[in-house]
Structures are given as C-alpha cells and as structure tokens.
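Only one chain is given next, in structure tokens, and it is the form predicted alone.
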C-alpha cells in the first residue's frame, strides 16, 4: 500500500498504527538508490511530501526549529556556515531539492553530512508519536549503533532544534571525497563555537555512527586556540575516531585525515574569531 496523508497528524496516526510495517519517505533519495539496486521494500510506504507544515523553518525561544521535511536546498540558505556548507556538499541540485534532514537522520549513515553538521551544532531532535506525544533528545544521544537510532518503529522525526546564527561565534565544515561534487565523504568534519565559549567537534565516516569527538572537545573548552592546542587537538581527534578499512579508504588514511580536518575546522573558528575582534 502507498499512503500519502495531507497532514503530519495523519501521518503520525498511520505510523503509530502500522509501526515497522510502513516506511516513511519524504525526499526518497535513499529509497530510490535501493530500488535501483533491486532491493525490495517489503513494507507499505508512507509518503510525507503532502503533509502540511513539514518543510518549515521557524524561530522559537532563541532557536531555529527545522521541520523534518526541511530540504538540503533550504539548509543551504541558512546563515550557519557548517550546516549550509554541509548541505551544499550533498549530491547534486536535484538531490538537495528532494533530500530532507529527517531522512538523513533516520537513515543514520556514518557518512551523513547533515548529521555531522547538526552534531557540531549540539542539535536536538524531536520524535513524535500519535498517542504518546513528542520527546526531545540531544542528537549526540540519538545515534546508537550502525544504522540504529533511538527512533521508535511507531514514531516519526518531527523537528530538529539548532541555535540561531546569533548564538554562535563561528562554525566550520570540511569534507574529503574522491571527486569535487556528488560524492560520499571519505572523512568530513564540522566544528562550532558558541557564545559561551563551548566548542563542539564532529566527524563522519570514521565510526559506526556520525560522532562527536567529546574527548577532544574537553581539551578545547575555555582555551585560546593556539598553535600548540590545535596540534594537541588534532592528535587527540585522530586517536578518538574508530574508522574501518573499506573500498573507499583505509582506516589509517581516515585517522590521518581526521587530524588534518580537525586542525582545519578549528583554524577556521580561530580565523572567524579574529575577524570579529575590534
């Protein structure tokens, strides 16, 4: 069966009633890849593209609230460097016009560019159920294992909450791939510095899940980004990640590139800070 409700509430009802027997799609970009490879869905489809208010970006209580159906093309327009640049690096224009942030989070690929940028922004995700209501989780607690998340079989991702641009001092994004566009990350990194001085650092394609480098972050808190600290943080990031060998890159290469990317995104934070000095 193919369901296409015209409200998000109706979509929640269908998901609650059918649970794992129905698969939600919005952009459908990952779904089409699987179908092109001959994979069978084996379940009903819940198309969210007609659900009202599922592609909104709103302001609330000093935060930006992204509806789950917000596309990468929309995210490109935000004045938040790490998220806008990560969104711009996803596929080609057609993919960015279709792909959504909820799809990126639900798929939970270790190489999910949007997920990595959101982790660096210390984002929260709202999971919704037709009867139980909603619950907010920090994104760092949402990813559990390879392709496994805290999202229940009977829930949908309704919103993502991130800081407004005014709550950030700076943010940065860097990605390494095998070609200049329409590529999957070999390694990607994002960093953000908040007005209270906190620094968050996240990586993709170097662990079973998109990951926050929490041990490396501890080195950076409350410290000026000196050359010595950047070197120390780069080495700590390389030691903290847990990549694997695959056909795209070796684990050793990825670890080495994490050191390089950690230094680059942190240097970008440092540069942006200096530009803002009187």
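All values derive from a computational prediction rather than experimental measurement. Positions refer to the first chain, counted from 1.
We do not show the form predicted together with a small molecule, though everything after this point is about it.
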Exactly one of 151, 176, 80, 207 comes within 4.5 Å of the small molecule in the predicted complex through a heavy atom, and that residue is 151
Heavy atom within 4.5 Å of the small molecule in the predicted complex, from candidates 66, 220, 48, 237, belongs to 48
Within 4.5 Å, heavy atoms only: does residue 98 come near the small molecule in the predicted complex?
yes
Find out whether any non-hydrogen atom of residue 192 is located within 4.5 angstroms of the small molecule in the predicted complex, and reply yes or no.
no
In the predicted complex, does residue 186 come within 4.5 Å of the small molecule, counting heavy atoms only?
no
Can any non-hydrogen atom of residue 171 be found within 4.5 angstroms of the small molecule in the predicted complex?
no
Non-hydrogen atom within 4.5 angstroms of the small molecule in the predicted complex for each of 203, 216 and 258:
no
Going by heavy atoms within 4.5 Å, which of 207-215, 222-230, 48-56, 249-257 lines up against the small molecule in the predicted complex?
48-56
